[in-house]
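First comes one chain, alone, set out as structure tokens in the form predicted on its own.
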């Protein structure tokens, strides 16, 4: 037995020597692979700052120090992911299993870990605490690299079978066993998907723009000169500052253009690392990779629509699931508006796509909703949402079969259709769609007559639909952007603010009085400022929530609460608990008013607020960045009939 122990000890010593030699070899070859400890130190710095500008600078420094082979892994891990969002790869380790893994690695009892979790409210802090006070020490420990941590989590995610839970916990415990206390904090947070760093995709794009601005300045001489010409009237110091800002903005635009058709910042960052800005040319539309959806603007009348875009295609606006369907021969992949793979949820759409889409390779977009073919009745969204589920899919498919109404095409037989005018795309879409019961084109008209638009609008509303969308016949498909190429007109825009607004929860208040038992009494919510990548407060919400809502929201929000205000949140109000911007609610209000206490669109001392807001529903189908934007709030404020406001002042707020 002693001989076996000695041999094992010898092997550990030899392994550590081999590790040291490998590090020396990497150094000699100038391959500066990143240790996970270094990445964790950057994460810690990010968590300490409240300024988004400082956060972006730290991320830029972190990515500059990361080698090409690891930069995508660093980006995924910083967001608590194991790949781009559309892959949906999850560790499959819930809080209970993470608690057990921490106990195994530290020697603490599971009960002790659970008690500490109740005290600290963050398994990352629990792992950090017990790692510094381990009751047991393992003979074998290795210095963790970024690659090692990521690969372990990949194996954890892919483990399946009868003993998979035990395998997952062993691999998790292996990482925690080798981790320093700081590393343990972030390793424990990764499988839960809550890094508490607040790093959104826009912030990563800003960091990439900082890194590659110098290259743009050196290589894109012609464009740089054009920018310089536009700055001639400014003073020398201001000119230099403005030039740097505009170059960063231009690089950011180039990165975002590619991100909109290939939403994988990990791979985009790797291409940039390997080939510089030239690498962006390799980013193209691909089957199986979602394209970020184009978004519509709002106007309040048919006359305004015609004045803005002239003769247009006017479609009925359906209140269902916005889906993007990719077909590659017999393989069908379906993505949600969040670029989430939801293929398994819609078996009838898969079969219909195989039969009705006459193309080997195609990417199309449409809106799916529960539809009664016999009565020609559209069911409300509350019915359609029941189809979004992991279990009992076949049963719900029979109870509420979906109909998919197609309205656009992006790719056909490996040829990009997005740059073609809508009029041409629509003809192509009609040509490849075979008649059938499940998939159809959206009901539409082409006109430049406001009266006909109004008639079509009223007809749509009578059928139980939200309204209409008017589209510029000459416009290309603009991925990920909100432009006046698409304009929505909903029943609510014709009067006061009866339209719903999507807001993100940024904090909550303790329950008092009758609500004390639920732990939650109200919510602090925000809209999204896309220009600043920030969430600006707009409403405190205390109505529209049932007792069950209160219980569920408190349980959900408690997992993301944080002591400090998140870096991307701008609020002068302070709730009892801040939370990471993660959850979206649909809210109705009587109107939008000016407010001295809310920060949404704040200028000259006033922001905007929702008057008498009440919760309508929880929007699990939307990301925080898909909340109503500050710019939209300003436009909706203008559209309120009783509002008389100086256009110039509102422009300043925008």
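Keep in mind that this is a model prediction, so the values were computed, not measured. Positions refer to the first chain, counted from 1.
Another form exists, predicted in complex with a small molecule; not displayed. Remarks below refer to it.
Contact with the small molecule in the predicted bound form, defined as any heavy atom within 4.5 Å, is confined among 97-105, 429-437, 278-286, 292-300 to 292-300. Using a 4.5 Å cut-off to the small molecule in the predicted bound form, not one of 206, 216 and 252 places a heavy atom inside that distance.
Only one of 77, 179, 469, 325 comes within 4.5 Å of the small molecule in the predicted bound form through a heavy atom, and that residue is 469.
Contact with the small molecule in the predicted bound form, defined as a heavy atom within 4.5 Å, holds for exactly one of 318, 186, 477, 346, namely 318.
Remark: residue 201 does not count among the residues lining the small molecule in the predicted bound form, judged by a heavy atom distance of 4.5 Å or less. Residue 335 falls outside the set of residues with a heavy atom inside 4.5 Å of the small molecule in the predicted bound form. With a 4.5 Å cutoff on heavy atoms, residue 536 does not count as touching the small molecule in the predicted bound form; it lies far away.
Of the heavy atoms in residue 540, none are within 4.5 Å of the small molecule in the predicted bound form.
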